[in-house]
Every structure is written in C-alpha cells, then in structure tokens.
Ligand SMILES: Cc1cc2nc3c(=O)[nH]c(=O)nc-3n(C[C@H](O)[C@H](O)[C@H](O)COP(=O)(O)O)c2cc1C
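Take a look at this one chain, the form predicted on its own, written out in structure tokens.
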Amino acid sequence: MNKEFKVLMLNGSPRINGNTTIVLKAMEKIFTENGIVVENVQVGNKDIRGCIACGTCFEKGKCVFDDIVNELAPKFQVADGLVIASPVYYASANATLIACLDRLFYSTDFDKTMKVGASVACARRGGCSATFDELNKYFTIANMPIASSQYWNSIHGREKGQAEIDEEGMQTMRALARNMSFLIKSIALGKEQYGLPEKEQWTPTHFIR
C-alpha cells in the first residue's frame, strides 16, 4: 500500500510550548517513526466563538464564522486520524477548544467514518477523566474508532515542563501513538479489502414524539 497517512493534532492549550505541547511532540515523534505525516495546530490561543445553531453550514458547506475552524476543515477531511489535546479547566476541556470542535464537527458534512480519534487531557491534579470522556464524545458521534493506550490518556503537570516528569503519563502517550499508528494502517487495509461498513439511513428522533 503506497498511501501517505496523515494525522491532524489540535492543541487546545493557550500556552505556547506548555505541557500539552510536550505531550503532542512526544506523540508526533512516534507517528513520524511509523511513517505518518503530522500537522500540529494550536487552537487554544485563538479567538474562536461558539456555534450559534444558525444552520448556515447546511447551505454553504462551511461555518458562517470564517476563522480557523474553516481552515481546519479541509485538513480534517484528508486526515486519517485526529488527536485533540487539552489542559483541564474546572474538570473540563478548554472552552476555546470545545467551541472549535463543536463547529468543526457540526459544519463539516464529509464522511468521518473510520478516521481514528484520540483525546488527551493534561491537569495539575484532577479532572482528567471527565475531560477525557468529554473529548471522546466527538469521535463516537461521528463513526470514528478511538485509539486506546495502556492507561487513560492523561498526564500531569502544572508548570511548563512538568509533564515530562510524569514518566507513566509520557509512556502512555507513546503507547497511544503506536496503537493509533497501527489502527490507522489496519483500517486502511480493511477498507481496501472490504470497504466501509454499510450505513442505514439516519432516523432522527426526539423525546416528545
């Protein structure tokens, strides 16, 4: 198979070269060793407003707010995998990253089936599990398999550089990148031989009918 595999990494931290960056660089090194091309984009320091549910994306095929979200859309479309990483704020991901992801997933109509997803949470102490669960929901609503590791994808550190001291956390990130590389390549082989899974027509319902 002579395919170039690509992973898009979104850094949800507003800090340049902080602990979240350390995590993503460690993963990028593993991806590169496995022949996967990586693009790392820092979104946590951008001015990104939330979705207003205007529906313009259904008509124009892109978000009404023409910012980094529309720049990320074509990168996401051609990527075989997506890594989203965030520091923990009040047991949640950075609100800027959430605004970006809400609009990125909702405004793009391309098929995300079998693109591999992975989320990473970085905290001083607590809130990693809640943030990890929050970020994974973007994948599971889009038919995207989630890459796993030897532990939940969390790492600890408060001041810049402290994440490197969390040896188990760093090992978890390296294992995650290796597993994600394997999964991306395995899915590509499966698609080549079997195609994508059959889909039923979507039947949306709500709770008052």
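Small disclaimer: the values here were computed from a predicted structure and weren't measured. Note that residue numbering follows the sequence shown and begins at 1.
The protein also exists as the form predicted together with this ligand; that form is not presented, and the subsequent description refers to it.
A.B. asks: Check K137 for me: does it contact this ligand in the predicted bound form (non-hydrogen atoms, 4.5 angstroms)?
C.D. replies: Taking the distances in the predicted bound form, the answer for K137 is no, it never comes within 4.5 Å of this ligand.
A.B. asks: Contact with this ligand in the predicted bound form for K25, defined as at least one heavy atom pair within 4.5 Å: yes or no?
C.D. replies: No, K25 stays farther than 4.5 Å from this ligand in the predicted bound form.
A.B. asks: At the 4.5 Å heavy atom threshold, is K185 in contact with this ligand in the predicted bound form?
C.D. replies: Taking the distances in the predicted bound form, the answer for K185 is no, it never comes within 4.5 Å of this ligand.
A.B. asks: Even though this ligand is not shown here, does P74 get within 4.5 Å of it in the predicted bound form, heavy atoms only?
C.D. replies: Looking in the predicted bound form, residue contacts with this ligand do not include P74, since no heavy atom lies within 4.5 Å.
A.B. asks: State yes only if every one of T20, A91 and R125 has a non-hydrogen atom within 4.5 Å of this ligand in the predicted bound form; otherwise state no.
C.D. replies: Yes, the whole trio is in contact, each within 4.5 Å by some heavy atom.
A.B. asks: Exactly one stretch in 29-37, 152-160, 172-180, 56-64 has heavy atoms within 4.5 Å of this ligand in the predicted bound form; which is it?
C.D. replies: The contacting stretch is 152-160.
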